[in-house]
Every structure is written in structure tokens, then in C-alpha cells.
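Okay, so here's just one chain, in C-alpha cells, the form predicted on its own.
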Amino acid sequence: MSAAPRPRLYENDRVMKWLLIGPLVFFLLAFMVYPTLYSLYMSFTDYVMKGAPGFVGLDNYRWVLSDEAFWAALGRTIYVLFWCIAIELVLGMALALLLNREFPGQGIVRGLCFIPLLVSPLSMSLMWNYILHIQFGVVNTVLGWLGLSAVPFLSTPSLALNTIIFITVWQWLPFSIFVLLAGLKGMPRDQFEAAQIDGASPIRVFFRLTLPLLKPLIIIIILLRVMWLMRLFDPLYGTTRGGLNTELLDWMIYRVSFVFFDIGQGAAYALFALYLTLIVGALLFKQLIKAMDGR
């Protein structure tokens, strides 16, 4: 009698499972877990790009908590985060409701709305730096033709940070638009038809039906934007380079780590920002689970 054939490698479920997830596990360990653990180690040292790291315990964290520049950068980051998310949600909802209606040229309008997401953030910030330049920018040139004085969008502390908010919103607004538009397209029509039959006003339908059904997507948008805005860097690099009271948390981490080469202190700043992001993310994720259960 001939021996039974041995199972092929791809027919073994346990082997196939590790073959499929093995590359992902490797990349997670190499590019996420190891750098995070290494940064955690460096945050307890006084390493300044020369010599061997010296263990200093919690000194770097004490410095972070007592550093006025850090709290100022954190305050500006929270300010940018709040206004970016608020504007993106309000405008994104309004434009999503508009795009949810049928009108001529709807596909063209949707394509135009998607364009800002196709441009890299650094290129986008360099473009706006040129457009808003006080001397040869397009906007101030047009203002000059109209007999108006030039506006120093990126040259004064009172306008620079708000201009960075505008640049960020302009690029990432399409993300909120299309996420909310996808939610509007997937809503059950029978509930809205019943509300119309009962004579409910459009405003009442929006606040009683549309918003509750979109709540999970709104929380997802807030969660992702919080994580991205805590690491906002490209608009600063392409415009003010952190000057004019526009230094945000991520730029401060870059400045301490790669301009002053204080790796230990920079790692402490970075991990403090990571802790804050994880706390906010955990709170938002809990709200997301509640919203999903309620829905």
C-alpha cells in the first residue's frame, strides 16, 4: 500500500496563518514597537548625540512639566485642534448634505472637493505660503488691485496661527465631507419617509434622525483628526517654521530633538504627547462603542 500523501504547506491552517500575518507582525515590531520602546528608554537618559546615554530617571519628565514653552505649545496645539475639528465638522456636514442631493454636475463637484487630499501636506503649505505672501502673493496682489492694503497673513503673530488653521482645514475638509456623505448615503430611507409623513420639519429630522445616525462617524472623524493634529508639522515647515507664536507640540519635539540634539528631552516631550493622545483616544473610543451600541 502506498503511503498517504503529506499535506501541502499551504493546506496547514496554522502555518498559513503565520505566513499571512508574519510580514505585518515584522513591520509592527520593526517600525512601531521597537521605536516606541527605544524612545521610552531614551526619555530616561540625558543623551545629546554624543557619548553614551546617562540614566537620569524622571528628570526629563519633571522638566517637561515645569517648562513654560511646553505648556504654551500644548495650548496652541489644543487651540488648533479644537478649531480645525469644529470647522471641518460644521462645513463638512453642510457640504455633505449639499452633495447628497441630485444636481447637474454633481460628479464634477465631488471630484473638485477631493483634490486637496491628493496633494502632499508639505507641498500644500508651500503653495499657500506663496499664495499668501505679503509682497508677491496672489491674494495680496488682488487686494492691491482693489485698492486695499496688503494683509500679513504669515508675517504677524495675530494672524499666522489662524492662517495655519485655514491651510489645515482647506486640505482636510474633504475627509470629513466624504465620510459624512458615505454615512448619509447609507441611511435607512424608511425612517425619513415616516418622519415626512408625520409632518416633521427638516430641522427636526436633522437633529432627531440624521445626527444620531451619523454620531459614530462623527466620533471616528474626531478621533482620527485628534491623532493627526497632535502631530501637525508640515504646515509649519512650509510657512512659519514655528515662529510668530505658531510653535505647536510636534514642532517643539522636532526642535528639541533635531535642532538642539537633546534626544533624551525630546523623547520625553514626544512620549508625553503620546500619553495625551492615548488618553483622548481611549475616551473617544469608549464614546464610539456607546454610540454603536445605541445605534
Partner chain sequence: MRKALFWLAVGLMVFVFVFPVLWIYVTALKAPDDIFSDNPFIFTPTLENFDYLINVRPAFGELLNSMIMSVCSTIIVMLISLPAAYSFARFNTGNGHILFITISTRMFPGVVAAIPFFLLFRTLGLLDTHLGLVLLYTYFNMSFATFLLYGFFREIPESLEHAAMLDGYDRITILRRIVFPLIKPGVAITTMFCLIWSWNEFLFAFLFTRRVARTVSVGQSTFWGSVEIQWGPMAALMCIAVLPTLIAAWIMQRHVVRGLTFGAVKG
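Positions refer to the first chain, counted from 1. Here the structure is a predicted model, which means the values were calculated and not measured. Take the two forms, superpose them, and find the largest set of C-alpha atoms that agree within 1.5 Å; that set is the rigid core.
Omitted from view is the form predicted together with the partner chain, to which the following refers.
Quick check: do 44, 93 and 212 each get a heavy atom within 4.5 Å of the partner chain in the predicted bound form?
No, the candidate spot makes no contact with the partner chain.
Which one, 165, 74, 99, 85, lies within 4.5 Å of the partner chain in the predicted bound form by heavy atoms?
Spelling it out, the residue with a heavy atom inside the cut-off is 99.
Please pick, from 141, 156, 201, 191, the one residue with any non-hydrogen atom lying within 4.5 angstroms of the partner chain in the predicted bound form.
None of the other options qualify; the answer is 141.
Looking at the partner-bound form in the predicted bound form, is residue 250 within 4.5 Å of the partner chain by any heavy atom?
Within the cut-off, so yes.
Taking the shortest heavy atom distance, is residue 245 within 4.5 Å of the partner chain in the predicted bound form?
Residue-level check for residue 245: no, no contact with the partner chain.
Residue 78: touches the partner chain in the predicted bound form, heavy atom cutoff 4.5 angstroms
Answer no; every heavy atom of residue 78 is more than 4.5 Å from the partner chain in the predicted bound form.
Looking at the partner-bound form in the predicted bound form, is residue 123 within 4.5 Å of the partner chain by any heavy atom?
Flag for residue 123 set to yes.
Among 157-165, 101-109, 204-212, 191-199, which stretch has residues whose heavy atoms lie within 4.5 Å of the partner chain in the predicted bound form?
Among the listed stretches, the partner-contacting one is 101-109.
Stretch 175-209: residues contacting the partner chain in the predicted bound form, 4.5 Å heavy atom cut-off:
Counting only heavy atoms within 4.5 Å of the partner chain in the predicted bound form, the contacting residues of 175-209 are 175, 177, 178, 179, 182, 183, 186.
Does residue 28 move its CA by 2 angstroms or more between this form and the one not shown when the core is aligned?
Yes: residue 28 shifts by at least 2 Å between this form and the one not shown.
Threshold 2 Å Cα movement between this form and the one not shown for residue 275, core superposed:
Moves: no, less than 2 Å.
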